[in-house]
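First, one chain by itself: the form predicted on its own, in structure tokens.
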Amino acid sequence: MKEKTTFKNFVKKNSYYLYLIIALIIIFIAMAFISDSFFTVTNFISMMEQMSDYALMALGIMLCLCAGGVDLSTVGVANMTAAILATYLIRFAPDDCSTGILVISCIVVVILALIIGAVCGTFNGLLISKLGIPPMLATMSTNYLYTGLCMVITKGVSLSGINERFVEAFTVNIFGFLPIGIVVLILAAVFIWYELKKTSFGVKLCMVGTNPTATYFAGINNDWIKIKAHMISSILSAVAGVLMLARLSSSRADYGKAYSTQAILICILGGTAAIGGKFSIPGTILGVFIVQAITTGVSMTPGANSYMKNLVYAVLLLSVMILDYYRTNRKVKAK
């Protein structure tokens, strides 16, 4: 009897995740009818390579949403990072460089990406916390700023000619089937899980997103919590920029224009509250798989184009936000 009760409580507690898993299974079955090539190893590897970019952004945006804000600068940070790194690699690590120079360059690329992400995130956080600019306006403005800087660096064209060995190193499939981007995503998810579950940051983040006035009088540094959330978000976006640079072997200011929409959709779909105070790492990961499956399915549909994808993302985002609104109101009324 105790086991049944425990199982029932488990199902009740994780019912939303079960709904997401069921939805994912249904989508996979539907995609199998759309295209015979959907259930192939090559297609699944391609899906994992693509989704690691905006999945990292989604994890960062999840933190910002939980803090009661949002980060719309993720794509701008990623593209600007990729442009700076591409410029560095083209100049200091050409194809004919030695292995030693290449190894040093790879280390420099990773360090530069982390620094760029930290600076951009700190800047976003300061605009929001110290100047009081609404998160949506602040990050939308900085997104234009970072995109503009990327345009200046690239001069409005694609930066290509990236060292092929660098591309191979950052696009290698571990064990022949696991893209390195997925490994980076797993490590990032574990890091964020530790920060949110094993330190006081997670509790404070939810409290700030729920009632910043109460946390202020409770002695919690609201400004630092918001700055840290945006810093982590931008660092993850910068890392995504490294993966994008390697996967595409080039850099442009307009790569991944729909990634911000996809990332927000993933967060809301995964159970992160749009009004703040709640996050869900497992839900976000499941949301990544759902959105990627839909994206791949739309791409395989005859006559589909990028505009159709954007329409699908917009409809899904509106739908999940409406569902989130009613779900939140129902819980409030139940209390």
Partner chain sequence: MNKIKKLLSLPESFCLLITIVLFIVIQLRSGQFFTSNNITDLLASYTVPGIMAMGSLIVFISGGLDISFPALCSLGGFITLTVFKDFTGSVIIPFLFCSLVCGLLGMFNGVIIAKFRFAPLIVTLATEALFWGILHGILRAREISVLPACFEKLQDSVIWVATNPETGISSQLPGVFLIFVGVVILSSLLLRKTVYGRKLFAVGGNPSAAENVGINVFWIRVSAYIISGITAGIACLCRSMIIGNYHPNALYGYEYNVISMVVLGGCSLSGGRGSVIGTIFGVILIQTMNLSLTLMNVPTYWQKFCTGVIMIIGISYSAYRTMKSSQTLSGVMNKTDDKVKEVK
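Note that the structure is a prediction, hence the values are computed from the model and not measured. Residue numbers count along the first chain shown, from 1. What we label the rigid core is the largest C-alpha set whose atoms superpose within 1.5 Å from one form to the other.
Below: the form predicted in complex with the partner chain, not depicted.
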What stretch, of 217-225, 159-167, 110-118, 85-93, brings heavy atoms to within 4.5 Å of the partner chain in the predicted complex? 217-225
Which of 103, 183, 136, 203 has a heavy atom within 4.5 Å of the partner chain in the predicted complex? 136
Contacting member of 189, 196, 231, 140, with respect to the partner chain in the predicted complex [4.5 Å, heavy atom]: 140
Just to confirm, residue 174 within 4.5 Å of the partner chain in the predicted complex by heavy atoms? no
Against the partner chain in the predicted complex, would residue 123 count as a contact residue? Criterion: heavy atoms within 4.5 Å. yes
Verify the contact flag for residue 97: yes if a non-hydrogen atom of it lies within 4.5 Å of a non-hydrogen atom of the partner chain in the predicted complex, no if not. no
In the predicted complex, does residue 16 have a heavy atom within 4.5 Å of the partner chain? no
Given the partner chain in the predicted complex, answer whether the residues 70, 149 and 268 all have a heavy atom inside 4.5 Å of it. yes
Going by heavy atoms, what in 204-224 lies within 4.5 angstroms of the partner chain in the predicted complex? 209, 211, 212, 213, 216, 217, 223
Rigid core superposed, CA of residue 21 - does it shift 2 Å or more between this form and the one not shown? no
Relative Cα spacing, residue 26 and residue 314, in the predicted complex - shift of 3 Å or more: closer
Against the displayed form, residue 26 vs residue 316 by Cα, in the predicted complex, with 3 angstroms or more change: pair is closer
